[in-house]
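Have a look below at one chain only, the form predicted on its own, in structure tokens format.
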């Protein structure tokens, strides 16, 4: 298997306003202190995987700003400012722009439609974008133009109606292998790839990240961890229960880059 290599991770610590973060289903608010602690543990896991952690300032006016991946896409030396599909998140991309301008050779911007980073899966051969309640056709068209400097084609697919983001249900674990829930895998969107199915009942485990030599996943999903271990992946587990209360996952909380 060919590992995906990253050198840096851009992260944004949660602010106290994170307790007001968006959620698809009403439930308890996250505990701010526990969220902070879990975010620290997440960053430590990235660091142990060989990444340099670069911390952006908190954005108290944006409760969901800890989920930095929704505001930008980073591929090689090129970054794209996205356009999140929820009005309350509209200012996050603009706030992130200076951090990316300082680090990337080229930075493009999407001005039409809407695209959340949680709907974008980058493989070695293409950029797969899941149409969802937060990513529309106009946004995919704008992303296709903005992504030209990467040399990767953009392919649009449909996210199941009951799934918030495309990557809620999938992750790339090496250049040719996708870890996916059954409900997403049966759609055929991963034809041509090897697919490892996430065990039924542990669908939330599918939002994991491959970082250099390890797969980082949430605690609490023993069957999924066992499947990945049996497939030969080195699994590292981190706690992210507070992020999950506001529909956040491991991929959301960092921009993983190589420059």
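As the structure is a prediction and not an experimental result, all values here were calculated from the model. Numbering follows the first chain given and starts at 1.
Keep in mind that the form predicted in complex with ligand CIR is not shown, yet the notes after this line are about it.
Of the candidate stretches 105-113, 180-188, 69-77, 121-129, only 69-77 has residues whose heavy atoms lie within 4.5 Å of ligand CIR in the predicted bound form. The closest non-hydrogen atom of residue 164 lies within 4.5 Å of ligand CIR in the predicted bound form. A residue is said to contact a partner when one of its heavy atoms sits within 4.5 Å of a partner heavy atom; residue 241 fails this definition for ligand CIR in the predicted bound form, lying far away. Contact check for residue 10: every heavy atom lies farther than 4.5 Å from ligand CIR in the predicted bound form. Residue contact check for residue 236: none of its heavy atoms lie within 4.5 Å of ligand CIR in the predicted bound form. By the 4.5 Å heavy atom rule, the three marked residues 45, 210 and 256 all fail to count as contacting ligand CIR in the predicted bound form. Taking a 4.5 Å heavy atom cutoff to ligand CIR in the predicted bound form, none of the residues in 177-211 make contact.
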